[in-house]
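Single chain ahead, written as C-alpha cells, the form predicted alone.
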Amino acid sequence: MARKSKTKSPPKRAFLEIRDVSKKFGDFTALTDITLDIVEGELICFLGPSGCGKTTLLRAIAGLDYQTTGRIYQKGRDISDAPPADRDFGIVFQSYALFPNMTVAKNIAYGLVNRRMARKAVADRVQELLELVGLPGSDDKFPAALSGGQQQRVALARALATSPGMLLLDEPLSALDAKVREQLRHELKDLQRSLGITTVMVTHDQEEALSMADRIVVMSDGRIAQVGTPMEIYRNPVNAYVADFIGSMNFLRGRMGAGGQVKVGRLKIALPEGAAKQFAKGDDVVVCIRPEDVAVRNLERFKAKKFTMTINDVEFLGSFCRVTLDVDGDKDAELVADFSINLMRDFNLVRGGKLDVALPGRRLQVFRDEGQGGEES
C-alpha cells in the first residue's frame, strides 16, 4: 500500500513589505536602504540603542513620518503615500496617550464611535476588550485612578478596538517598573499569539526583545545589522556590534598567530578550523564568548586547551554568580564567567582562588577587530 506523502503547509505570506526605505531630516540620514519583509501573524522587534532609527522606521510604517525614498506595501497594497487612517493598524505609545477627561470605556470606544458604530455594538466591544486585557469592571474609572500597568492595558484595548490588521508598539513597557514590565510582556505576548495579529514592537531592551519576539531586527546607525530569531541573534551574531548589544559577552582582543591560534595577552586560544581560515597570520581579531559558555567541568571532553586562571571577583546575582578571572593579573586576558550556585559550592570558588577553565571552540565567535565592542555589556 502506497504511503501518502505529507503535504507541507504553505509558507506564511508577507503582511508588510518594506523596500529600500530611507529617511532624511535635513542633512541627517535617519534610515538608509531598509528592506524587510514582516510575516503575517508574527511579533517582530526593532531593537537598538537610542538614535539607531528604530522609531523612525516604525513611524514610516504608520505614516506618521513619510519616508524620503522607498516603498511600503501592506498585503500587496502600496501604502507608501497613504495617510495613517488608511493603513489598518492600531498603535500603543510609551506614554499611553489616554484622554484624561474620558472614562476607560470612552477611551476604548473612541475609534469605534468615530466609525459611527451602533451604541450597543460599541458597548459590547468595550466589555469584550476589558475582559481581554484583564480589566473587567473598570468602565467608569478615569485614567488617573489607574496604575501605569492598567493604563497601558487600556491603551492596548483601544488600539485593538477596531480589529486592525497590524499592531504597532512604540516602547510600550519602558515607562513601567521592572516587575510590572515583566508581567505585562508575558501577557502581551500571550495576547498577540491568541489573536494572531501581526505586531511590530520598538524597544531598546534586549531582554524584552529576546523574550517576546519571533524575530528581532537589530539596528545600527539607520541600517539593519542583523535579522533573525532570538536564538539566532544570540548564538550567531554577525559582527561584534550585535554580539556586544545582545546579552553579556567577553571580548578578547588579540592577533592571529600560527596554527590558527590567537594570542591574547598571556593566553593562546585555538580557533575552530572554519573560523581560523577567515583570517591571515598577523590579523587583529576579537574573540567573543558568552559568560555562561566558559567551561570548568569535565574539561577533558573539550579539544580546547585549558587555562589556569585566578578568581579576581565574585558577584552574587541570586540564581548564579558572575566571576571575574584573569591570568596572573593580565587584564588583556580577563574573562567574566557565569556559574550556577551549585557549581560555586562544588568547586568552592572564592576570590583569590585558582580555577582551570576551557573555551569550547563551538561557542567562540571571531571577528576582525574594528574597534567595536570591548566591554562586557
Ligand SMILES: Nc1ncnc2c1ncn2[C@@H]1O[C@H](COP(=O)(O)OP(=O)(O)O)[C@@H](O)[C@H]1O
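Note that residue numbering follows the sequence shown and begins at 1. Bear in mind that the values here come from a model prediction, so they are computed numbers and not experimental data.
We do not show the form predicted together with the ligand, though everything after this point is about it.
Open item on the list: So, residue 56 and the ligand: in the predicted complex, are they within 4.5 Å at any heavy atom pair?
Closed with: Judged by the heavy-atom cut-off of 4.5 Å, residue 56 is in contact with the ligand in the predicted complex.
Task: 4.5 angstroms heavy atom contact with the ligand in the predicted complex for residue 50 - done: Result yes; residue 50 sits at the interface with the ligand in the predicted complex.
TODO: Please check if residue 333 has a heavy atom lying within 4.5 Å of any heavy atom of the ligand in the predicted complex.
DONE: Although the ligand is absent here, residue 333 would stay clear of it in the predicted complex, with no heavy atoms inside 4.5 Å.
TODO: Look up in the predicted complex whether residue 30 has a non-hydrogen atom within 4.5 angstroms of the ligand, and give yes or no.
DONE: Residue 30 belongs to the contact set for the ligand.
TODO: Specify the contacting stretch among 42-50, 305-313, 318-326, 343-351, defined as having any heavy atom within 4.5 Å of the ligand in the predicted complex.
DONE: This holds for exactly one stretch, 42-50.
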